[in-house]
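Given as structure tokens, the chain that follows is alone and in the form predicted on its own.
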């Protein structure tokens, strides 16, 4: 792991040990992407988990019960687009479901794949002899995966073990950080009940949480020939929810931190919530002059408005002071190349097709060149 790096951390950005819920936003916003049709009318009352948009056999479900209020524009990922607005009635009305099996192992592989697709859990590959579960948060200061393990260890282990058997795997690794002491202790205590699961404790190095890097560092080439089924613990918990309850995923944990946040913390929110409402109701800001960074200080991207929607692809939000250091002329020290986990060189373009966009080159540069802005 010589080409992975230890990040010097700012304790002020570390999240609180307490985990919070914010599951009653006034409104939820569902992206109206090209090719989808709206399945509801304006002013129509909808149940939680009802289909709001559809495209063939792909459905977008409502995270809350309430009233359809029409369309508006919000930021999704890093661009403006139309969204369907639902006014929350705070009743969480939901339709009854049938056909849930008591034990996860009772599902066949085909049933698992069909149910996951129905609720938008589309994984590239569920064929292979090696099941690799990533419990390592990718970005510095993110604690989402650590939180999921901490809150739901039994559910996580039960689901991993069931998938191991359903998918007919030969080996199974669950990777976590060795300094995640509470989860290490808890999992060691529980994992003995599941002999198929091999708990792997990994060093706190970046970007070990990236799927490609974790596969490279943890799995020997011989075992890679078995074929790797890669899932994160977020995926595992979502699979548990879908198979146990036959419900779509309507909530997720995100980390909100930054030097402009008075108390950084992990919070469980409705998918479709607005960032502005989450911050207003749950966080105190130190100042109004800040930059907004989505999905990590090293690998993330900036947005310029709080009218931003939390989707299933959002892991973290950072509100940081604006104190960017002026870049100087490149001194050709080569650190951006030698510290790159895939050996790319942003100065010359060498191997940039393999770039992970992890941000190490920018982080490590002694003259403050922002390679991310260079594209």
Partner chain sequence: MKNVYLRSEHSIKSMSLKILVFLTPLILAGFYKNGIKLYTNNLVGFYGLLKPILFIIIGFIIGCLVNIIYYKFKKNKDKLSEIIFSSFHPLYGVIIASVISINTNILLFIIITFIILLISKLMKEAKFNVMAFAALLIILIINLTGDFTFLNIYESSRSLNLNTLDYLLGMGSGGVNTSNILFLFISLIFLLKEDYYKKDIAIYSIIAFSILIILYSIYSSEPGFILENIFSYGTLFSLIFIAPDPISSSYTKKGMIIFGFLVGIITFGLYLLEPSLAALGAILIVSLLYKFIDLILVQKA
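Positions refer to the first chain, counted from 1. Everything numeric in this text was worked out from a predicted model, so none of it was measured.
Just so it is clear, the following notes concern the form predicted together with the partner chain, a form of the same protein that is not shown.
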property	result
Option touching the partner chain, based on a heavy atom within 4.5 Å in the model of the complex, out of 90, 123, 301, 103	301
Single option in 335, 47, 53, 309 placed near the partner chain in the model of the complex, where near means a heavy atom within 4.5 Å	335
Non-hydrogen atom contact residue 331 with the partner chain in the model of the complex at 4.5 angstroms	yes
Partner proximity in the model of the complex: residue 363 to the partner chain, non-hydrogen atom cutoff 4.5 Å	yes
Heavy atom of residue 78 within 4.5 Å of the partner chain in the model of the complex	yes
Residue 131: touches the partner chain in the model of the complex, heavy atom cutoff 4.5 angstroms	no
Per-stretch contact check against the partner chain in the model of the complex, the hit in 319 to 327, 57 to 65, 24 to 32, 39 to 47 (non-hydrogen atom, 4.5 angstroms)	319 to 327
Within 4.5 Å of the partner chain in the model of the complex, all of 7, 140 and 291 (non-hydrogen atom)	yes
In the model of the complex, residues of 344 to 360 near the partner chain [heavy atom within 4.5 Å]	345, 347, 348, 350, 359
